[in-house]
Structures are given as C-alpha cells and as structure tokens.
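To begin, one chain is listed below as structure tokens, in the form predicted on its own.
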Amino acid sequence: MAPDPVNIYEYEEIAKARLEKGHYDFIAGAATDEITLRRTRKVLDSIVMKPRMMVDVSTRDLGTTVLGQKISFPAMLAPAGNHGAAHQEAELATARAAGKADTVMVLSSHSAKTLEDVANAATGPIWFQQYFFKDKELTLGMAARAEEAGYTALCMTLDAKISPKRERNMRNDYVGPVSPNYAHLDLGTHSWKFAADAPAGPSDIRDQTTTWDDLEWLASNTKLPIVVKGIMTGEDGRLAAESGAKAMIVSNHGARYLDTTFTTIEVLPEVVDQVAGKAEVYLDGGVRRGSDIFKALALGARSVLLGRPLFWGLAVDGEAGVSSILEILRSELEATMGICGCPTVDSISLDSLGGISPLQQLFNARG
C-alpha cells in the first residue's frame, strides 16, 4: 500500500495518473509557451525567509478575517471551473472540505453543480464568482441568485474578456461543458473553446466593453461586497478600490490568459502600496507550500487562494483529498511562522524576508 502523499506536488503526481489527459492538461496548463507558469515557482523559490530566535512561539494563531469573516488560516479556495473534471461530487465535495477547514470557498459560475446546490452543501462561508455580461440584467440576475442562495460576496473576474490560446487544450481538442448555472440560457452544451471549430459557449456573452464605470454601477446595484479578480498593477488596484471594490485578488488567472507577464508575487507589493488600505488585497497563483503563504502575507496580502491544488485533492480522494491539501498547507504555514518568530498572522511582516542571499550576491559579484 502506497503511503499517503505528504505535499501538494505528490498529490499532483497521483492526480495526473488518474485524470484523463484532456482534463489534466486543462487544469495544469497555461497560455501559449507557459513561460509565466514556470517562472512562478522560480520567483517564489527565490524569496528567502529569515528565521528568528528566542521568541515565544509556543502558541501560533493562524486565524484572520476576510471582509469581516473569520477564517481559520489565510488560505481560501479560488473560483475554478468544473470541479467535476476531477471528481463526481465536484463542488459539493469542495464546499464541504472548505467548511471543515473553516475557510472560504469561492464558487466559479462555471461550476459543475448549480450555485444553489453548492450553497445547500456548504457548511462555511461561500462567495460567488461571475463576469460582466453583455446583458446587464443577466449580470444583476446572477448576483441576485447568489445573494438569495446565501453567498456573502461577489467576485468579479476582470481578466477574461478575451479568449486565450492554450495550446495543450488545442492539441487535445478539449471543450468543456457549460455549467448548469447557465441552463436558463441558450448556450448549447459546450464552453471553453480552444479548437477552431468548437461551438459557442458562455465566453461569447461576456462584455468586452466594460470600464471602471461598470464596476461602480454594479457596486451601486448589489448589496453584496465586491471582490475583483485579475489585478496585476498598482494603478488598477487603486482604481478598483476607488470604483467600489471592497477587496481584490492579485491574479494573472494562473498564467492561463497571457504568457510572459509578471508573476503575481512580483506585483503584489505595488498593488498593496497603491491601494493603501482602501480595500483588502489577496493573492493567487502558484501557492504550493505553507512558506508561499507566509511570503505573500509578508509582502502585504491578507490571504491567498488555491486553484490547481484543490483539483489534485479532489482527484486523489474527493472531499478528504481537499481537506488534506488544506491541512498540509496549514501545518506548513504554522511551522514556518514558528521558525520565523511570528506567533500570529499579524506579526508576519516584510522584516521576515530577505533579498538575494549573501552567497548568491558573492557568486554574482564574481561574474
């Protein structure tokens, strides 16, 4: 009997062996040459931490709040579409695991289960993700459905106006199913177009004309606090906060829409600086270790979100797999905090990080 996986990478290895190639490549892949996808790990690994001694870390408190909601540790589940690609219980299993971990699940509007069914299964806080649609009544209608079902925030994805070129999916002729959330619309049966002859789907009803005025309009027409996803510059972070966003996710969509961009951890400090406390700032993209969470918090994020890892957990062991993924990261973060002399999340600061290591500086100086 094989031992249980002990980290996120081992979960991915097992998941890859179990998933159909098309599903695995859709989840794991990114845009065009996937340069940013590869750089993300290198950049996170290049950030070094500074252990601190003789601090009372006998008790470590990982708790924090997001939009006033208490969560057990600063990691949430990102809005990723079609959990059914990894497990038959799909988002129902994910929602239960998030509730057991006492953290937030953000449900994608491209979910394999209806937003109402997921809300009924959830035992913890849930947020709903959607888009700006060409039909403004549809935009408001989806938000109203989420509010009525019990979702406590609305996450608007801003960086998906233009269809991406994902070459793994093109080679696989991969076309994903339309979510039952769109069942009341005449969209056919497919979504996520990659092949040239793929049928139309929900991507075609997104509004490419939106501006910050549209965010102000939505903020004034819903009771739910708005979180925006896809912020990659300090200026956009400032404009989002000024236009009504209560929180934002520094995100490049997992490097899935545009290649050769900055990684999210690289732009996080400038976003935090320009937002200047007017909205909460979160980060997604490449988080695979508790130390990654620590680094993001030290650079100003309030929490991180996990995308691909939740699929690896689902593929390996459904709800229990997602629970294990969350527990691995929580445990690693707790150990990192202790070694770095940070007994609480609020005590994590930029002082906990260093630049290039002295040894690397020496090597650079020698040419």
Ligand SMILES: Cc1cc2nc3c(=O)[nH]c(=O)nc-3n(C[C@H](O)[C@H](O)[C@H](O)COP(=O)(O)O)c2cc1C
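Keep in mind that this is a model prediction, so the values were computed, not measured. One-based numbering along the sequence shown.
Unshown form predicted together with the ligand; subsequent notes refer to it.
- Judged by heavy atoms within 4.5 Å of the ligand in the predicted complex, the contact stretch among the candidates 102-110, 146-154, 218-226, 235-243 is 102-110.
- Contact annotation: residue 96 falls outside 4.5 Å of the ligand in the predicted complex, judged by heavy atom distances.
- Though the partner is left out of this view, residue 330 does not reach within 4.5 Å of the ligand in the predicted complex, counting heavy atoms only.
- The ligand in the predicted complex is approached by residue 309, whose closest heavy atom lies within 4.5 angstroms of it.
- Although the partner is absent from this view, residue 254 contacts the ligand in the predicted complex, with a non-hydrogen atom inside 4.5 angstroms.
- With the partner omitted here, the residue from 124, 164, 176, 81 that has a non-hydrogen atom within 4.5 angstroms of the ligand in the predicted complex is 81.
- For the stretch 110-132, the set of residues having any non-hydrogen atom within 4.5 angstroms of the ligand in the predicted complex comprises 110, 129, 131, in sequence order.
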